[in-house]
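Read the single chain below, which is given as structure tokens and is the form predicted alone.
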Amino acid sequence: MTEEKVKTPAAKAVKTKLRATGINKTFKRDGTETSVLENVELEVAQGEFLCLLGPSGCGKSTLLNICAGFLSPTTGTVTIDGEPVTGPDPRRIFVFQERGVFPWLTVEGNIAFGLAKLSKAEQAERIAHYIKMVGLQGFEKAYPQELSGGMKQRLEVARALAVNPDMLFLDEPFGALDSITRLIMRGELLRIWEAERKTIIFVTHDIEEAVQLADRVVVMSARPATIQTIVEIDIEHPRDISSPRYLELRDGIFNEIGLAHKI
């Protein structure tokens, strides 16, 4: 079989990890059909950080849920590593905006969730590794209610990574955080991604967030959503948000969605 390639700024030619082909999604409620996604075609490279960007309610989260196997498309297919996605898979972890840490478990207990197949020694090693990676040393025995919002979000990312997922699907994970904590968490996520190089699909409606994080930004239209354009962010990390190229890319996306003269 010929190995398929996609081009990304981070790597000129790497394996295609995920492919969505001809994705349409229609919801039916009270006898009325609503078209949410319309003929979406998308490829994501192995190890790529890809952002889905678009207005609230356009269908970004629906597409993410279809890619992760939580929803089935009305028509079309999604494959990961060439295999059809037919449902959720423990190798692929979904991180929601609403923090999903377990309040009855400590930091250690939350990260240990899903590691039951490992020996006690392997569990302890992996827990310690990810606690250090997300900067929660000293809080191992703390419960979620004792943590700040940003710390809870870091805990959720650590818990997701601890099971060694193949892919991460993140649905506006920082949306409920204040602006300063959001900036910190973007930096944390990038640091972890650069260390782990997991394939990430990240949903946001924040243009600044998308340009700061992504290898490519997929700009989606209003509902029924199609892919309006795909913007390659050809800037190395860490990104200078005042650089001419950053501003050019950011303003180009504002222009693409018709907001260039409204901000």
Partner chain sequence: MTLSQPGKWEKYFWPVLTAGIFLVFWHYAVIASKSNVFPGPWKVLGGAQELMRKGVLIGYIRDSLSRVGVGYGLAMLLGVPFGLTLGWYPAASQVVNPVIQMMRPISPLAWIPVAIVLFGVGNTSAVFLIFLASFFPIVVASMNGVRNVPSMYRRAGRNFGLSPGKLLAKVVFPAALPQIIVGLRIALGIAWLVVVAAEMLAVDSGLGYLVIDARNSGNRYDLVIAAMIMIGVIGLALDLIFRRLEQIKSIRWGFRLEA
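None of the values given here were measured: they were computed from a predicted structure. Numbering follows the first chain given and starts at 1.
The same protein also has a form predicted in complex with the partner chain, omitted here; what follows describes it.
Partner proximity in the predicted complex, defined as non-hydrogen atoms within 4.5 angstroms of the partner chain, places exactly one of 76-84, 185-193, 172-180, 138-146 at the interface: 138-146. Although the partner is absent here, R159 lies within 4.5 Å of the partner chain in the predicted complex, judged by heavy atoms. Using a 4.5 angstroms threshold between heavy atoms, M133 stays clear of the partner chain in the predicted complex.
When the partner chain is considered in the predicted complex, E108 lies well away from it, no heavy atom lying within 4.5 Å. Contact annotation for V163: at least one heavy atom lies within 4.5 Å of the partner chain in the predicted complex. Contact residues in stretch 51-68 (any heavy atom within 4.5 Å of the partner chain, taken in the predicted complex) are limited to N65.
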